[in-house]
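Just the one chain here, the form predicted on its own, laid out as structure tokens.
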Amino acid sequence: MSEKTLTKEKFKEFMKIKGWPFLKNILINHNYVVSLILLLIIGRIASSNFLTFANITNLVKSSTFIGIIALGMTLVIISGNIDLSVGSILGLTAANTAIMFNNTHSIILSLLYAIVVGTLLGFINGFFIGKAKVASFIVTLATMAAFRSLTVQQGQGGPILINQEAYYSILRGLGYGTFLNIPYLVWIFVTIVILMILLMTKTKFGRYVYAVGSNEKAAKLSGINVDRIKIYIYSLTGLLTGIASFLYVARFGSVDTATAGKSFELDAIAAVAIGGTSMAGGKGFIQGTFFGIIVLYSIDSVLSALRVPAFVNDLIKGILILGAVLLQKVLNNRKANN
């Protein structure tokens, strides 16, 4: 047998023992990697500047607000629920944070206030879903409308402006500043991603979230307080949205009460789906959502480089979401049949 034939046989044996199981695991549990790689290839072909350091950091920076919200949405969907109110929570929290900053000119107090308000609004969702046993779709649909109405009323239908002198001297540096040529927003986003990964992989709470989403009845029988876990999940989602609200104010310096955060929930859900989290609950990864939001925001850059009309962006996003969900279904069915 020739050396070439031996090499081929060894390669086939390697793929059978290690290579294919590894690739199969990537396809089933981490299919967002495939989406990201394909997008990077297409982006590089479309524009030589696509993979530059500046462009990548700009993509991550642009996705920070929705990305942080999407991390909370990941927990919600893993638990087998949904949250349609996160965009309205951001709008209401950002409006109140802007008012707080105008009154105090303090970054720390404004951040703490945003976290408290966001957590409280998330707790309201969690209470009705966990304790009152109302379907998450109905509760968050109601609070989406209610919170938005309060936001618009607070701004009398117009924007809430931050004191410009205080903004430029104190707050703007956070929204536009850099450290080691990397925007502060990127550092904050990546830090929160790491903390959320640790929370979901190294704590009992993380295991309980997966257990509730996999089989709620079994979770109850095993001694998990499912109602409390749901309240914690929605409160944490509100907390993350509060942080995103504060960063939103720091970045833009004003809050349009009618539009701030509008449709953010749709992009957050899209990022979670593209990131490989099962929409049926019980399965998903924080890192998947991180790459999912990068993929989602990269679409605009790729389409722009390919000179595709901007009004078809949402069409492409819709196709991606459907494709991600269908791929999950097909792979999960094959896994069940094997």
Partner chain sequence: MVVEFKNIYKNFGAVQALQDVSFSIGEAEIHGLLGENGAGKSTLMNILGGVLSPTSGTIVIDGTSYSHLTPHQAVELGISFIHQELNLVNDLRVFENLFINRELTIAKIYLDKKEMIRKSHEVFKRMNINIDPTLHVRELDTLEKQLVEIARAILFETKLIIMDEPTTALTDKEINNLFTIMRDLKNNGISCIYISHKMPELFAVCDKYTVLRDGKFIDSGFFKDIDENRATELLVGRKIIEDKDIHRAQLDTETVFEVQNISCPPYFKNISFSVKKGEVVAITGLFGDGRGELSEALFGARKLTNGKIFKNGKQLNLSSIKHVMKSGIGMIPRNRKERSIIKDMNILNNVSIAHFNAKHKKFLISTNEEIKRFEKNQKITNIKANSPKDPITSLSGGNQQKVIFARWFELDSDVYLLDNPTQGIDVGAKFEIYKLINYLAEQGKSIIVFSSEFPEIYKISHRCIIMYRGEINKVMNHDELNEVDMMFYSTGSNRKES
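Computed from a predicted structure; not experimentally measured. Positions refer to the first chain, counted from 1.
This protein has a second form, the form predicted in complex with its partner chain, left out of what is shown; the following refers to that one.
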* To do: State yes or no: in the predicted complex, is some non-hydrogen atom of Tyr167 no more than 4.5 angstroms from a non-hydrogen atom of its partner chain?
  => no
* Decide whether Asn215 counts as a contact residue for its partner chain in the predicted complex under a heavy atom distance cut-off of 4.5 Å. => yes
* Using the partner position in the predicted complex, report whether Leu111 sits within 4.5 Å of its partner chain, counting heavy atoms only. => no
* **is_contact(Lys133, its partner chain) in the predicted complex, heavy atom dist at most 4.5 Å** => no
* Structure fact -> Only hit among Gln156, Thr191, Thr203, Ser263 for heavy atom within 4.5 Å of its partner chain in the predicted complex is Thr203
* Heavy atom within 4.5 Å of its partner chain in the predicted complex - residue from Phe127, Tyr176, Trp187, Tyr210 -> Tyr210
* To do: Can you check 115-123, 218-226, 244-252, 144-152 and let me know which stretch has heavy atoms within 4.5 Å of its partner chain in the predicted complex?
  => 218-226
* **Partner contacts in the predicted complex for 94-108 (non-hydrogen atom within 4.5 angstroms of its partner chain)** => none
